[in-house]
Every structure is written in structure tokens, then in C-alpha cells.
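Only one chain is shown below, in C-alpha cells, and it's the form predicted on its own.
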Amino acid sequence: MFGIYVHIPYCRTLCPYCDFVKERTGASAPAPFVDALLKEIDAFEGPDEAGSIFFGGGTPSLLEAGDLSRILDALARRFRMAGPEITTECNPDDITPDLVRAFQDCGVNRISLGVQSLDDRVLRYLGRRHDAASALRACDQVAAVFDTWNLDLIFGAPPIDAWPETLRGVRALDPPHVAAYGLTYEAGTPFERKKSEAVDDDTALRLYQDVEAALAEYAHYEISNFAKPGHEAKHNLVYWHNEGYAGFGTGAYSFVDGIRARNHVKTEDYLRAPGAKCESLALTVEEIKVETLIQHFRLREGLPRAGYAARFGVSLEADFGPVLAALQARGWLESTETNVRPTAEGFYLNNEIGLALVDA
């Protein structure tokens, strides 16, 4: 499946831990940016069919409903799509019943809410605009309209003892999909100065295992993602299957015909030349094969042997037999008749699996 990603780089406040392409605005996404997006979409050269659209950011919920509709119309003119998954990320404090209905009227069928925590102390530490009460209210308003929606969480922010109560609150909300990520202190962000406050690896693992226990009734289908049946994130599966996607907007990445490219990361440059690339790299077949394994081993189902053979014309064992055997001997991968997939320990040590594959 080919995916479409649209990056909206505007935020009302800049979260101090975020290293995504973003800039501050006090209003909606500006009209010149929306016009540039439409130009980029119209001029796109690549596949004609797509199965998913994902609006990320930044803060896509800063788009006016009319602008969102214009963007979706442009995508529908450029790509053939049959019942695509259309996801929009939203900040809880942007959510109102009118906005939720407007997004649904535009064709959005999945909302991803950046809740992060249900504790006000943690939210203040993370620099979020919303509080726990507005997060709960937003979840209720989204759930009243959308059958499929996601709740984003961040673990590892102080106070650590708030985490169990947040998980109890999540269980009470009963979302169809949950994504939980460990807090990172990225270089170049204000949080880089707070790196000494990061939890140690053992604590991070315990907090992650708390999520697994709290969401035991969900399918833990990807390292950081949990879903009820039929609510897996189809767009994100494009990435985890290492399939192609087009990225539109400031700093957006694309992966088309084996070429990974990135749009200009400064909006003023993007507005001057929508879709012009600041980075472009043609991957070799061997690099694509390695990345295909790395991405699939983020998934509980792992990598289907038949799928690999159909894609590359050679068996998985012929290309990677020794390294896969070594990873199985360590207890990080397991083999079935049809798939090679990560074990529970392999989920915890996914980075090590990736390093072993790169070094093979």
C-alpha cells in the first residue's frame, strides 16, 4: 500500500521535548502554506494510487476545516483511493464537538489525540497546553463521533509515580488504539539540557511493561502500539512494511521508487519551491532489504517469508540466514512455518536487532 503524509508545521506552543519540524503561530495554518501544499500535490510525480492519508505535525488541528477539505480534494484529484484511512493528529485543547464533526464531514475517519499523560504535573513538565481534564473531555468528544481513534502516551516524565494512575485512566477511556513512547531528550531541543533527568533503562523497561500489563486485552501489534481488533493504524503499517509513501509539506520525507527524499525544512524555503528537496538518497536493493527486516521486526507478526520472496525474488534465508540464526539463538527472534518474528525479549531489544542486521 502507498501512503500519503502531510506535515503541518504550525503550533500554538512549542513542546520542549519535540524535535519535529515546527514553528509557532497564534492562529490557524496560514493560507500561503495551504496554497503551497496544493501546488506540491498537483505537481507530484509518482504512484497514482494510495490507501492512507496522515496529517501530522506540528499541529494539524490548526487547519481550518475548509482548508483541510481543499487539501483532501487535491489529494483525491491526484490519487485514486478506495476507502482510504484518513488520520488527523489533534491536540486535546483544540477539540470541540464542532471541530470533530467538521473533520468527519471532510472525510477524516481516524483521530490521533496527543494526550501524553492524565496527570497535570507531568503535562506541565512536558510543556503541554492542555490539562488532564481537557484531555478527558477531548477523548469523550472524539469517541462520541469516531469509531477509530488513537490515544498517544509518553512515559518516563516525572513524577514517575503518576504513571499507574494515567494507565488506569486510559483503561477507563477504553480507546480502540493506544500508542506509548518513552520520553527522549533530543539534541537541539530545550530538553537536551535536562538529559540528566532521564530515567534509567531498567525504569524505562518497567514503565513500558506497565503499559503491556494495563493493555493486556489489546493486540500489542507493534513495539509502541496496541489495538483492538480491526483498529490497527493502516498508515503506520506502510512504514513498518517498508512500503512507499509521499510526504507533502515542510520537512516531509518521501520514499518513492527506492529514493528517500526530504522537502525543505524551513517554511520560507518550502513556500518558495513547494516539493523541492533538500535531501535525496537512492537506496540500494541491499539497503532496502535490510530496512525491510528492521521495520518488520518492529511488528509482532514479524516478516512473512512469502512476502519477502515475492518482493525481492529470493528467500529470506538465502539473504540473511546466518544473522537470523544468530538472533534466534540469542532468543530475540523466533521462526514459524510462515514468518520470522520478534520474541517478547526481541521487542525489548529491538535496537540491538537492528544493529545486528546493519552489521551483517
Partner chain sequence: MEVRTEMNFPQSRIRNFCIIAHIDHGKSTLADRLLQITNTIEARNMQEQTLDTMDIERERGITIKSVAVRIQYTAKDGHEYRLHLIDTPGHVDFAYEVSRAMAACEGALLLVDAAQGVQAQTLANAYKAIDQDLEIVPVINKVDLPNADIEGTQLQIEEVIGLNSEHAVLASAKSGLGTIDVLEAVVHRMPPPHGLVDAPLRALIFDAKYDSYRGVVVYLRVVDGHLRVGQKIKMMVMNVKYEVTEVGCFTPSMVPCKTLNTGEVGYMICNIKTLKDTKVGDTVTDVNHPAMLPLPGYKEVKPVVFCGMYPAANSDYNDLRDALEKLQLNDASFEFIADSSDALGLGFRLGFLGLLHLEIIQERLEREHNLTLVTTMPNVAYRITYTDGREEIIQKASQMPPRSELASCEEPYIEADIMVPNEYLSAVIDLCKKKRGIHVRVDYVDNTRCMAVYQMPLAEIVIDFYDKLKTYTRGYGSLEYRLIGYRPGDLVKLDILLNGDAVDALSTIVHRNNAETVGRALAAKLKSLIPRQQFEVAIQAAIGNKVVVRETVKALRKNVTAKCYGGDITRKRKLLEKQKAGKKRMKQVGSVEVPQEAFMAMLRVNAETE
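Numbering follows the first chain given and starts at 1. The structure presented is a predicted model; accordingly, all values stated were derived computationally and were not measured.
Below: the form predicted together with its partner chain, not depicted.
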Partner proximity in the predicted bound form: residue 71 to its partner chain, non-hydrogen atom cutoff 4.5 Å: no
Distance check, residue 157 to its partner chain in the predicted bound form, heavy atom within 4.5 Å: no
Residue 260, heavy atom within 4.5 angstroms of its partner chain in the predicted bound form: yes
Residue 242, heavy atom within 4.5 angstroms of its partner chain in the predicted bound form: yes
Answer option from 350, 343, 25, 339, heavy atom within 4.5 Å of its partner chain in the predicted bound form: 350
Heavy atom within 4.5 Å of its partner chain in the predicted bound form - the one residue of 273, 145, 205, 76 that qualifies: 205
Contact check for 4, 102 and 267 against its partner chain in the predicted bound form, heavy atom at 4.5 Å: no
Contact segment among 162-170, 131-139, 90-98, 281-289, judged by heavy atoms lying within 4.5 Å of its partner chain in the predicted bound form: 281-289
Those residues of 181-207 which, in the predicted bound form, come within 4.5 Å of its partner chain by heavy atom: 181, 182, 184, 201, 202, 204, 205
